[in-house]
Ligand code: SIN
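Quick setup: one chain, the form predicted alone, written in structure tokens, and binding and motion questions come after.
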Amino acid sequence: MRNSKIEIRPSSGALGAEILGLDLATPLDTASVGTLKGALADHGVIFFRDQSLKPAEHIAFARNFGPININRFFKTDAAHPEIAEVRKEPDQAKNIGGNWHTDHSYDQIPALGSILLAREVPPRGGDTLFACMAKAFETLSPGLQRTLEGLRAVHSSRHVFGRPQYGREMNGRIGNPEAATQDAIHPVVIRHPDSGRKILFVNPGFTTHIDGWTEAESKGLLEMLYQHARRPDFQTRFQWREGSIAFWDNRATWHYAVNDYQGERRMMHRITVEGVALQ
């Protein structure tokens, strides 16, 4: 492995690739960073195995791709505010991220992506599903594609992180409901800034309605799009091991953390990289 020749091995399913030949604890040269940026644009999510990263090394790796977003809702690592904890203890029933969603679509400039590192995983279960929103758009009818390209949608964190009871349900892992004050309006279809592909940019977690429509009017269209985008042939599934990393493109994918490991501990460290304005 140790930073000789990078191998990109596509995953089974509609998206994703495993990256071989890199030790991410070692500083990357410009060519390697460029290769990873290209792989992320091509595959939507890239995976690494058997990485032993200290928090500072995790942060240094993330900074190759842009400024770091300091999460305003998640509990962060005590010594490293750049790192958000995605944690579930054995006595907790609910996990974080247990629904299809796109991180930070509620921000005016959505995040480029998230880099999730497995610190402690259950002996079985706790996989993450990813779905390709380029394929979701490309398989719609031409007529519906044209209609969607003329629409914009409202995204919000208020109905999730803005509810004080949600913090209680999450046993202190999520907080700061007073920070959930920002809504954002984005095109329903964006053009990916790197790949150039058209992407369906709505999600069940944070999209509330079509801009200029009521929520009732929006519901039928959005639910139809969500049902379409959930198709198994648009997905891949990642099985975690300690030291595994998933780096996903928030502009191009959905993800879903499977909550099938009751009574076990799972601790992940997540760094989110800032993005650019969508078009």
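All of these numbers come straight from a predicted model, not from anything done at the bench. The numbering used is simple: start at 1 and walk along the sequence shown.
There is also a form predicted together with ligand SIN; it is not shown, and the following applies to it.
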### Query
Considering His101, His209, Arg119, His192, which brings a non-hydrogen atom within 4.5 Å of ligand SIN in the model of the complex?
His101
### Segment assignment from 220-228, 50-58, 22-30, 247-255: heavy atom within 4.5 Å of ligand SIN in the model of the complex
247-255
#### Entry: Heavy atom of Ser157 within 4.5 Å of ligand SIN in the model of the complex
no
### Task
Consider Gly97 of the chain shown here, and say whether it contacts ligand SIN in the model of the complex, taking contact as heavy atoms within 4.5 Å.
yes
#### Entry: Residue contact check: Ala134 to ligand SIN in the model of the complex, 4.5 Å heavy atom
no
### Any non-hydrogen atom of Thr128 within 4.5 angstroms of ligand SIN in the model of the complex
yes
